[in-house]
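In the form predicted alone, a lone chain appears below as structure tokens.
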């Protein structure tokens, strides 16, 4: 008999992501229209621009060999400098106004690595993290593996409800506040809801963090993965712009959504005291993210090819967003009680069904949707277990990133057909205007 294999506590706390099953379904069933996986539009991937960038880098004998060599753990210095300057420019300020330089920037293997490294650097089992409800479910897996406690704050069309956050902070006793380490916010076109944290709530959030950082500093983990995918509405200043001494905010962005996931490049801008701990941990992970990808990205940014691509990409996704919203309006009558949030950017639409409709993995709607040939993400996946609230089971996330415009229309039609099968709502073609 073979001896059993011992697994660490962290390994045993780490479970498969719930989205894995849905990705498998999409791959194995070519007739299934997936509105589930948060993938990008394949037709818009910038293959020609990347080929030109690779040729330009590799034809330079010095630059080409440098790009093919090991890089540094922190990342390519000219790229870090450019990213910090672009971040400040987007907020209409100079990097010096935030006491930022290239030294405060770390290039990572996507923004997911930032989320993991920051959690690894800051969190011990039993520590407390506050997230939105709902929020990015992939990060939930990281938090569970860390063995932390989580509290959830309701979100609406204006993002995290900071008045509810203030009430939560007041309820925490001194012992709990001493274990509070992070507040996690996806503040632009949130995954999963598509909502954006409003300007008053940005200001209020930062005021709360300062107020409650008395015995130790509470950090905000600002996940800005979708900021560049804005289709209308104002470009609000980052939470980092409200952190003039570079003390309270860890900002992360990724190039997976606005450029190409295959690059696997993201970055973090961090308070100075956090940089070295993160770099030591990252050194244990990989000694640095792909040096070649960083050189290609630097060329795309400095040549203007990246900005031209993002502008075209906004047009692609703006049309897709409008298509899925129009299809929802067409196929779901207003009197059926189905509502959704209109996103100003990003890749997601958050749909709320009547409370008696179970959208979960064991619910009738998902089974009917699969039979109809369409897939969505159950909204329950986007909530962490919280001591105070029952997880809602009547919501769903729809992604319009990967499906074609025709597939989006057909996918919503199939979803509506499945919905009508499991409810008494009459199937209509056109709904009342909303």
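Everything quoted here is computed from the prediction, not taken from an experiment. Positions refer to the first chain, counted from 1.
This protein has a second form, the form predicted together with a small molecule, left out of what is shown; the following refers to that one.
Though the small molecule is absent from this view, in the predicted complex it lies within 4.5 Å of a heavy atom of just one residue from 111, 150, 290, 142, which is 111.
A single residue from the set 348, 317, 332, 353 has any heavy atom within 4.5 angstroms of the small molecule in the predicted complex; that residue is 348. In the predicted complex, at least one heavy atom of residue 225 sits within 4.5 Å of a heavy atom of the small molecule. Although the partner is absent from this view, residue 256 contacts the small molecule in the predicted complex, with a non-hydrogen atom inside 4.5 angstroms. The small molecule in the predicted complex is not approached by residue 162, whose heavy atoms all lie more than 4.5 angstroms from it. Shown alone here, residue 264 lies within 4.5 Å of the small molecule in the predicted complex, counting heavy atoms only. Of the candidate stretches 162-170, 225-233, 241-249, 124-132, only 225-233 has residues with heavy atoms within 4.5 Å of the small molecule in the predicted complex.
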